[in-house]
Ligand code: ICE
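Shown below, as structure tokens, is a lone chain in the form predicted on its own; questions about how it binds or moves come after it.
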Amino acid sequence: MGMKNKKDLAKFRETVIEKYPNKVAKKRAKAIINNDPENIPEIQANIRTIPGIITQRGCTYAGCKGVVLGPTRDIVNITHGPIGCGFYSWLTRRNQTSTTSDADENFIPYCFSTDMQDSNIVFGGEDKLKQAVREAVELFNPKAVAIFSTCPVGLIGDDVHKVAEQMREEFDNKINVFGFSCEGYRGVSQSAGHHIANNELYRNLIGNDDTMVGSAKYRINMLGEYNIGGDAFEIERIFEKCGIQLVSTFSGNSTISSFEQAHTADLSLVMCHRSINYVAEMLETSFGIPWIKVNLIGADSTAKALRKIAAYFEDDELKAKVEEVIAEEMKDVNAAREAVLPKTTGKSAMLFVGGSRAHHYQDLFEELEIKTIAAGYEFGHRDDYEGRRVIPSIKIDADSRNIEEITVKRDEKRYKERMTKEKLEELQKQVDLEYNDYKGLMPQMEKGTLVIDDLSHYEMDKLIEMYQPDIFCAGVKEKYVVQKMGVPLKQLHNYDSGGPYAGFKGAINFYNDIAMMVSTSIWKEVKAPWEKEEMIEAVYAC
């Protein structure tokens, strides 16, 4: 991207905020930044969306039930609330799963809801919830039932935790029933729901089963991977090919038993830092399992992640196998990349999605020689932008205090130090493991590019109007608006009908899909009626 265009990007904030009321302009100005990777600026993040602004964000319930617990196939997830909440968190992210046999439970295709009505709001819905749990147990006999609170549940005071306790007693503790206080309004975005989900997973599932399943060599957890479009299947294929034992994934293609056995792994890999870093820290504090930040979105990033794992285990056999797998897989990757580069080189992209995806997918765009000129998160915190180094300086506000911070202690019987801090620090100097670290989005983006937190609909319109990117990546709320403006949009919440995009084969899929999208002119041909018909305009004088 030339300097002229970068100077043009500097005009964006001034152009946008001059249209806002003074108070709104002052607030939004702190969330719209021209990046400088050498001197990373502070960005305002994880604060309430301004009322009246059309935001990309979802609610706390969506982050808890829809993101973290949704991909687990053998838990009956009951939404306690109106039917709409359950319906709109049902299969919308295209989380996939694969059972080992026809006898295995898979409840993902089902939508469970208490379908609260006006009378339940007035007189309370706990009895209806109990009946729903009984019906679910009678029909499906699951190993566990999870109950998720929605906004009206919090407003009327239904206690899902008390109901869960009563149901456990009713079933003689043979079925694990637990609740989540994840009312939609509880936090400023989905991020609060992630945190609540992490807390309850630790309280109710992690560490419940000491069974050591599979190989005792190279045992890892994959955290923050949700098997959208089959991503987890590709990651599992690669690990299996390398001889790496995947103990648990949080939570793509996951099961209750995998959660319960997560503490038997020797290393945790963190993909989506925002949604799952709490579990990573809990596993290290309680059981001694270190965590490192990785990205398996992009072929080069996947190769880097595999080398990090091999370096951590300090095993020459694993290192050799990893290099063999990388060399074999990259043949097809390089051929696919060379085939599409004439179509993608020099194009521009904008990414506004998630709490890590807007960063991870820049690696894939770099492989296609597509420049990311603007990016940001829906539910990121400052450390997702600027890196974990800023955590001590982040001020805890009232909204953050509204989310419980649970105290986690060392499990004296099962704690096992996998590697000393000194050894980890020594390894860190040799290989950039990113142990207990995440550098954030900003260090990777070029100087002068735009970083915008909680992008509003108006700001999105102006970005497209002013800079006409070749592709825009966001979610379903933005998809059709952007395409009507003549720009193709790729959903990175659910990949539309595509995927997998993780790993080596996923990179090839992404190359082909993006090359096709940036090469089509169909969206530029779409015209609104007032653009293709002659209109008479007039100015009225007083």
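Note that residue numbering follows the sequence shown and begins at 1. Given the structure is predicted, the values throughout are model-derived calculations rather than measurements.
This next part talks about the form predicted in complex with the named molecule, which is not shown.
**Q.** Contact segment among 25-33, 42-50, 489-497, 505-513, judged by heavy atoms lying within 4.5 Å of the named molecule in the predicted complex
**A.** That would be stretch 489-497.
Q: Name the single residue among Ile452, Leu364, Cys272, Ile196 that comes within 4.5 Å of the named molecule in the predicted complex, judging by heavy atoms.
A: If I apply the 4.5 Å criterion carefully, the residue I get is Cys272.
Q) Since exactly one of Gly230, Gly179, Gly298, Gly354 fits, which has a heavy atom within 4.5 Å of the named molecule in the predicted complex? A) In short, Gly354.
**Q.** 4.5 Å heavy atom contact, Tyr226 to the named molecule in the predicted complex
**A.** Within the cut-off, so yes.
Q) Are any of the heavy atoms in Phe379 no more than 4.5 Å from a heavy atom of the named molecule in the predicted complex? A) Although the named molecule is absent here, Phe379 would touch it in the predicted complex, with heavy atoms inside 4.5 Å.
(Q) Contact with the named molecule in the predicted complex for Lys308, defined as at least one heavy atom pair within 4.5 Å: yes or no? (A) Lys308 lies outside the contact set for the named molecule.
Q.
Taking the named molecule as it sits in the predicted complex, is Arg93 near enough to touch it, meaning that at least one heavy atom pair lies within 4.5 angstroms?
A. Flag for Arg93 set to yes.
Q) Hey, which residues along 55-70 are within 4.5 angstroms of the named molecule in the predicted complex, non-hydrogen atoms only? A) Only Val67 sits within 4.5 Å of the partner.
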